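Before any questions on binding or motion, here is one chain by itself as structure tokens, the form predicted alone.
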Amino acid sequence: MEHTKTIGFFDSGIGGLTVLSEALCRIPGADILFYADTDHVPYGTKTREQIVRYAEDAVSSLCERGAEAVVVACNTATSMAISTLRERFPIPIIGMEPAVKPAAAIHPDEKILVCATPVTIRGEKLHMLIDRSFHEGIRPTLAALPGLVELAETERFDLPSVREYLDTVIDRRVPYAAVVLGCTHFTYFRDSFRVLFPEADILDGNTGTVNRLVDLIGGEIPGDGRITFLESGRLVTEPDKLARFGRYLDRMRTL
């Protein structure tokens, strides 16, 4: 798909900005539509039917505004809705995949922790990915971390808050060789995970997703594109809301 210019990204909230941040380094000339479904965040505690409906609404809105391809920058929405979206919409749709396969390849027969939302962990898609990646040996430990989504949405990135929450759900005494961040919101806490799991590789699926996007659109796009932000389909023009999106992108530049 050569010379795609307008690309849509959507997430349940601001987690997808972690993917967008990486994409902007590769395709700065693209026009971006970023849809944050702030009316329904978080997705990780919703039903499959709700998530599919929200995802369809998001992609429909992006298409109406001219998106030529859409990145579902949300592991939960990918897990629950990607097949439906690809059947319904005629444009290319790229989903997220937790970095389970590279973690298994780099650390065979070692302990791996996969962190995701409750819905993703219960979903068939993640378990099929684990089955393909771990034919033999030690299976990964799965941890549902919905509290991290709340911390991210309220801009609470300080190490004490992250440590206090993680210690309620994860035994950090286990010598994990890799920690997979299977929710785009979790990438904001990459620095905290490095401190709390100093011997582990911290992996996410953002780079793989952006690589697929660049391949799809026919290569990197130079220049200066524009970014339009939407909240559940509504155009964002308020200075305080635009500043909030900017702060998240600025944080990603420091990680």
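All figures in this text were calculated on a predicted structure; none of them were measured in a lab. Residue numbers here begin at 1 and follow the sequence given.
One more form of this protein exists, namely the form predicted in complex with a small molecule; it is left out here, but the text below deals with it.
Asks: Would V149 sit within 4.5 Å of the small molecule in the model of the complex, counting heavy atoms only?
Replies: V149: yes, in contact with the small molecule in the model of the complex.
Asks: V180: heavy atom within 4.5 Å of the small molecule in the model of the complex?
Replies: Result no; V180 lies far from the small molecule in the model of the complex.
Asks: Closest heavy atom of G205 to the small molecule in the model of the complex, within 4.5 Å or not?
Replies: No, G205 is distant from the partner.
Asks: Is it the case that V70, even though its partner is missing from this view, gets within 4.5 Å of the small molecule in the model of the complex, heavy atoms only?
Replies: So V70 does not count as contacting the small molecule.
Asks: Considering non-hydrogen atoms and a 4.5 Å limit, which listed residue (I217, V210, L33, V41) is close to the small molecule in the model of the complex?
Replies: Checking each option against the small molecule in the model of the complex, the one that comes within 4.5 Å is V41.
Asks: Just to confirm the contact call: exactly one of 240 to 248, 8 to 16, 21 to 29, 227 to 235 touches the small molecule in the model of the complex at a 4.5 Å heavy atom cutoff, so which is it?
Replies: Answer to the contact question: 8 to 16.
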